[in-house]
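Below you'll find only one chain, the form predicted on its own, shown as structure tokens.
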Amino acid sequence: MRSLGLVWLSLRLGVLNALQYRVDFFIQLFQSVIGLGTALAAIAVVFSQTDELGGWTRDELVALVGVFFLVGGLVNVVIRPSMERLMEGVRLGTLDFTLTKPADAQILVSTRQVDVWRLVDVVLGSVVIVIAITRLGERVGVEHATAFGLVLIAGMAIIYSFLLVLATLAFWLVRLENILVIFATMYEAGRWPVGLYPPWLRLALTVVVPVAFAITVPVETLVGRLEPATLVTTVVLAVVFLVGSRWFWKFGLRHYTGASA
């Protein structure tokens, strides 16, 4: 409950800070609408020439675009900005102030920075998913929707753990901002099903940068493509990633010398 209270407090502070710059909302809205329109236009162009793409229908790919925006929005609301703040704090030594507080340091650094206007992507993504589900009709049942929610949470946990590991590398390396840029570039590949890519890129998006578990796998669950074994594997991987990133974070903290070093 204390951790949830810290998360809620960070979100409140993020909202209050964002309200000071309300013009940013309209800028973000414009950027998100353009991005979504471009993604949907690309699907329209493809399906003007064919009825399916690698076994995927138009509505299934629309659902995938919705998940892409939903997950991207959630990552950019709090996870990515907080990880950037963590790396900056390690480099400048300001992480000391966080570590002296009587609360779990991982919770604090994971919710330290909130870009609340990125919730626009979350809302737009959710709307697109609902529209896609409506068009898919009876193919999406309660079981599929429940499994979709479970896998989506697992995928978010994997992405969070992956970014935490990258940020923790700042205890040994400097100027790691480019790593997050590379992640963002790889994430853009999630606009399309991972199965459409050549084997080497498919492997990279599944093992090296686990984007597939956050986007393609949830949509496969939603439309009934995912095997139960893969669903279980995704959940198990999420637990492994969370435990592993937690251990790596604590290991990194033991090597942090602070601003006075």
Partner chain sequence: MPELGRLRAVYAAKFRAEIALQFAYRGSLVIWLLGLLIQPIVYLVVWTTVARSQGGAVGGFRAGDFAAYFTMLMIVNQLTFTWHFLEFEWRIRNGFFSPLLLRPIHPAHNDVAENLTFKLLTFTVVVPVAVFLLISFGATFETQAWQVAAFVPALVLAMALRFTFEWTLALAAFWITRTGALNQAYFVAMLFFSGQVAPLALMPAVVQAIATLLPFRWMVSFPVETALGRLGPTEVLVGYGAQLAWIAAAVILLRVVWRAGIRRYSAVGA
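Residue numbers count along the first chain shown, from 1. Here the structure is a predicted model, which is why all the values come from computation and not from measurement.
Same protein, other form: the form predicted in complex with its partner chain, not shown, and the subject of what follows.
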Can you pick out, from 146, 134, 185, 94, the residue that has a heavy atom within 4.5 Å of its partner chain in the predicted complex? 185
Out of 153, 127, 181, 103, which one falls within 4.5 Å of its partner chain in the predicted complex, going by heavy atoms? 181
Its partner chain in the predicted complex: contacting segment from 20 to 28, 233 to 241, 246 to 254, 7 to 15, heavy atom within 4.5 Å: 20 to 28
Determine whether any heavy atom of residue 41 comes within 4.5 Å of a heavy atom of its partner chain in the predicted complex, and answer yes or no. yes
Would you check, heavy atoms only and a 4.5 Å threshold, whether residue 227 touches its partner chain in the predicted complex? no
Can any non-hydrogen atom of residue 45 be found within 4.5 angstroms of its partner chain in the predicted complex? yes
So in the predicted complex, is its partner chain close enough to residue 176 to count as touching (4.5 Å, heavy atoms)? yes
Need the contact residues for 195 to 213: heavy atom within 4.5 Å of its partner chain in the predicted complex, sequence order, or none if there are none. 196, 197, 198, 200, 201
